[in-house]
Structures are given as structure tokens and as C-alpha cells.
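First, one chain by itself: the form predicted on its own, in C-alpha cells.
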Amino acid sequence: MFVLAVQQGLNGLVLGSLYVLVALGLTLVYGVLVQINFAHADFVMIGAFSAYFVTHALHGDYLLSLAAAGAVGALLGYLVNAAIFAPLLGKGSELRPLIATIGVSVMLENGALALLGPVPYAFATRYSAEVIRFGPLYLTAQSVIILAVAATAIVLLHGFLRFTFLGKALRAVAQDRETAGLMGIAPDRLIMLTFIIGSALAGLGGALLAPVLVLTPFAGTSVIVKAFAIVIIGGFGNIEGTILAGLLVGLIEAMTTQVLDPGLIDIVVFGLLLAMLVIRPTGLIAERREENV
């Protein structure tokens, strides 16, 4: 029983790491702009398909496809910010950018459907079948890659935000955009950087999810709904809260699969979300708005 619990704990950390990568992009953009990018789900989907096609083009080199998926996500973030957010921010209703990203999401999904068709793609890497054992415990090499890449991305993001000049400037923009501008910081460039980083994380998350999911043009939708729940549980705009909530949700899902039908797992997660909204609506880590990011 103890070994089973530890094994499920390891599985939960892998799953939670995937959720954290996807959710971090959402919470980063919200922390700086107080806006939600509904096209984020499709960045995950496009990152997944990018990894699929690059891996096949490189005859099975999956690790290089991770970098390619991150780059594709970063490019999408740049384009969406340049075409949608930059022209609309501060010009009329704050709902305009939100509604525009819904339009971008529909466009990307239907574009992918037209190009790729409705038939699901199966993506198995050579790491998926390679099992690494630790006594009675085991992980696939794919799971180890997920843990290593996710941990590296989280540490690098935290270090960038806390210890670099650009990271501190980005936090200043999140705190007060106008005052940051008066201090010589270029808010528009940092908002662009925020989108690039958040979207690169989405693309990377999609590439890591690709061997786990059945790939379709709507593959990102189920993941992004969970990511929204994680962002709310952790506290909108709070990086540390999002990381904690993502790992917690992954562990809860892995543990409850032992006692519940897989189709009921989402009930547990969203039950936690509702309880969190009632008991602690500010999220797991409650901070003032200016302390987020």
C-alpha cells in the first residue's frame, strides 16, 4: 500500500508539472496585464503538433522538438500581442482584448482542423516505452524528461523574475505601468516579453503533453480548463501559488484514481476549486496585487 501511494505520488508530480507549465503562461500574462488570453489553449495544441512534426522530420529526435515547440509558442505570443493586445490595451473597454483572443482561438482551432483533419494523431516517442526503475518504483524516461524540463523552466522563470534587471522591470510594470514608464522602463516592450515567455511555456507544455494526449485540433481545451482552475486555486497572477496549486492538483488526481472512476476525477478537482472560492477566494497564497508576479 505504501509503495502504491509513493508510486502515485510520483505520477502526480509528473502530471502536476505539466499543468504548472501550461498554467504559468496564463498567470504571468494576467499578473502583468490583468487580462486573460483565451488563445492560450491553442498555443498548447500548436506546440504539441510542432513537436510531433519536428520529431518526425528529424527522424525521432524528440528533445530538439521541445526547443522548436517553445520557439513556435514564443512566435505566436509575439504575433498575438502585436496584432491584438498592443493595439487594444488602454483604448476603450477592457473586454475588447478578451473577446479578440476568443476569436483568435476559434481561428486557430478551425485552421488546424482544415489543415490536419479531425482524425486523431498518435505520438509515441522512444522515451515513452523506456522504463527507469528505482527498486519497486518506476517512471518512464518520458516522465523523467517532463520532470526535468518543467523543473528547469520553473527555476529559470523564478530566477529571471527575481534576480535580473528585466525581471525586476517586468514586476514594476505589473505593479504600476504608468509609474514604471516615468522611471524609464518601456512597458510595451515588457508586455511583449511577457507574452513571448508565457506563450513559449505553453508551446513547451504542449510538446511535453503531446506523447500523453491524443492529438487533435482541440487537444489543448481539456488541459486549459484544468489550467484555469489551477490559476484560480493558486491566486490569479501569483507565480508561487500557481506552482503550488498545479502540483497539488496533479497529486490529487493521481491519488484519487485509486478510489474513483477516471471519468469522475474532474469532479474532485473542480470541487476543490469551488471550495477554494468559498473558503479562500484570494487563492492559496494571498498577496496584494502589486506583489504578484
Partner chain sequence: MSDVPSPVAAASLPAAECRPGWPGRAGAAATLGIVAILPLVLRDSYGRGLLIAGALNVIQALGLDLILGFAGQLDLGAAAFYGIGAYVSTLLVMLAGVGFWPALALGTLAAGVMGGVLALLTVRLRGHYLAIASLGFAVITYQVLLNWISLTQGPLGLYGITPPAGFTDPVRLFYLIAACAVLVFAALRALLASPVGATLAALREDEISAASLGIDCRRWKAFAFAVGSAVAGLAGGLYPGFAGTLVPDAFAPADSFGVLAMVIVGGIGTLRGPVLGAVVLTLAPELLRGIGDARMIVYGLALTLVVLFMPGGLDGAWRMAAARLRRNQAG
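These numbers were taken from a predicted model, which means no experiment stands behind them. Numbering follows the first chain given and starts at 1.
Below, we refer to the form predicted in complex with its partner chain, which is not included among the displayed structures.
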property	result
Location of its partner chain contact in the predicted bound form, chosen stretch of 249 to 257, 48 to 56, 35 to 43, 61 to 69 [non-hydrogen atom, 4.5 Å]	35 to 43
Interface membership of residue 271, its partner chain in the predicted bound form, 4.5 Å heavy atom rule	yes
Touches its partner chain in the predicted bound form: residue 232 (any heavy atom, 4.5 Å)	yes
Close approach of residue 219 to its partner chain in the predicted bound form, 4.5 Å, heavy atom	no
Proximity of residue 157 to its partner chain in the predicted bound form, heavy atoms at 4.5 Å	no
Output flag, 83, 225 and 279 jointly within 4.5 Å of its partner chain in the predicted bound form, heavy atom basis	yes
In the predicted bound form, the one of 79, 98, 124, 151 near its partner chain [non-hydrogen atom within 4.5 angstroms]	98
Its partner chain: the contacting residue among 192, 145, 74, 88 in the predicted bound form [heavy atom, 4.5 Å]	88
